[in-house]
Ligand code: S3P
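In C-alpha cells, one chain follows: the form predicted alone.
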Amino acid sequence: MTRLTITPSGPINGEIPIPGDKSITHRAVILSAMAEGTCTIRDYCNGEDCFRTINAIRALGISIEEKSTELRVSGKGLRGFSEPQHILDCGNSGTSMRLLTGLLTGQNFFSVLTGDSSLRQRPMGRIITPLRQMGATISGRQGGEFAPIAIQGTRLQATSYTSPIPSAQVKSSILIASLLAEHPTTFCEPARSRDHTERALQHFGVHLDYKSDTVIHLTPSSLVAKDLTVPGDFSSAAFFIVAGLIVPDSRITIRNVGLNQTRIGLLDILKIMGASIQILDIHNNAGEPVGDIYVQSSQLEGAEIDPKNMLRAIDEFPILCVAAAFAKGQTRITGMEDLRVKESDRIATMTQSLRRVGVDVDEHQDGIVIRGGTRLRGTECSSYGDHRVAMAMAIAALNASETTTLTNIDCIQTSFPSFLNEFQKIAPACLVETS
C-alpha cells in the first residue's frame, strides 16, 4: 500500500502537463483495431485503465506497437479479430468492459470479460438489454446484470433503442455494435452525454445522421485507418484547476486540454462560483476542440448546481466537492444517483472524506450539500480505492491547516500515472511512502 503525506504548500505557479484523455484513448484503440490498415495514436493515456483495453485488443489478435508517446495499431477491419485464448480482464475499467462488450457481440467467436471486485459490482444490464435487443447472445451474473460476462458472437440486427439514462458508455457500446449490424441503428438518450465516440467514428469515416442532439442514426460501414493525436484529459486537468483556485496567490497554465462541450461542465460551474479561468488558443484536433487553460486563485462562492451542468461534470464530482469546501456559503449538488455505482460510491466516500477534514456536509441519495469556507484540518484519509477521490483529497490537503496523510493511493495509476510526480513539483514538502 502506498501512502501520501502532504504538508500545506505555498502558491502554485507555472505550467502543469497532463496525460492524454483516457476516454478518447479507449475509443481510439478500439476503433483503430476495427479499421482497415495501420493507425498511429499519439499522446495516448498510459494509465492502467487504458492498458486493460490495449491488452484485450492484443488478446483478440491485433498487433499494437507501444512507444513512450504513441501506439501503432494494425487494424484488421470490423471482423478481423480472433477468439481469445483466455478470459479478458478489464481490471477496474468500466469503459473497457462496456465498449469491448459492444465489439465482441458481433464477432464470430466466444469470449468472456471480467474485472476486479469493484467492477464486478457495477451495473452491466444497461448495455446487455439493448445488445440483446440487437440479437446478441450474452450471459452473466444475475441474468447479465453483473460481470463476468460471457458472449457468443453472432450476426447482429438493427434496432431503435431509447436509453432510460444519459450514458456515454451505453451509447458507445451500442454504436460500436451497430457497426457490425445488418442494417442501420438509431440510438436515443434523454439528455446529451459525452460524444467522443461519435467524433472518433466520424474521424474514421463513418457517417452519422443526427436527428437531434440526443438521437443518432448510424449506417454500418467500414472504418478508414487514420492517425490521431489525443488531447490532454480535462478530468485530469480538473484537479490542478481547482488547486490553482484554492491555494492563495496561485497562477497556473495547463496546455493542450480537450475542451469538448460535453465534458467541461466543471468550467461553467466554477465560473458561476466566481473562479478566474481563461481559455486560450482554441483549435481543433481530430474533431475535438483543444486549448490552454489559465487559472488564478479566486474566492469561490457556494452555489446551487444545475444538474444539466453536472451531467457534463460527472467525473469531476470529487474535485468539485473540494472546491465547494473552500467556497463561502452552501453548495448543493443533486441529480447524481449514478455516482453511487462508480469506482466507489462517490457520494458516500466524498461525504466521509470531507467530514474527516472538518467540512460540514449532508449526504442525500442523489447528491450532497456542502457548507464551506472553514479551514480544513489535517487528518488521515482513505482513497476507498477510487483514483478520483484520492487525487481530490490530495488537492484539498494543499490548503489545509496541518499535515494530511492519504492511504491506499495506488489506484491513481488507473488514470493519471504521473500525478504524484506533478504533485510533488507543486508541493515539494509532500512525502510518498510505500508500506
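For every residue, the number given is its place in the sequence shown, counted from 1. Note that the coordinates shown come from a computational prediction; the quantities given were computed from them, not determined experimentally.
A second form of this protein, the form predicted in complex with shikimate-3-phosphate (S3P), is not displayed here; the remarks below concern that form.
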{"item": "Partner-proximal stretch of 243 to 251, 168 to 176, 128 to 136, 109 to 117 relative to shikimate-3-phosphate (S3P) in the predicted complex, 4.5 angstroms, heavy atom", "value": "168 to 176"}
{"item": "Contact residue in the predicted complex, from Lys76, Lys342, Arg312, Arg199 (heavy atom within 4.5 Å of shikimate-3-phosphate (S3P))", "value": "Lys342"}
{"item": "Heavy atom within 4.5 Å of shikimate-3-phosphate (S3P) in the predicted complex - the one residue of Thr229, Thr95, Asn260, Asn256 that qualifies", "value": "Thr95"}
{"item": "Arg194: touches shikimate-3-phosphate (S3P) in the predicted complex, heavy atom cutoff 4.5 angstroms", "value": "yes"}
{"item": "Ser415 within 4.5 Å of shikimate-3-phosphate (S3P) in the predicted complex, heavy atoms", "value": "no"}
{"item": "Exercise: Arg52 in contact with shikimate-3-phosphate (S3P) in the predicted complex, heavy atom 4.5 Å", "value": "no"}
{"item": "Heavy atom contacts to shikimate-3-phosphate (S3P) in the predicted complex at 4.5 Å, residues of 9 to 23 in sequence order", "value": "Ser23"}
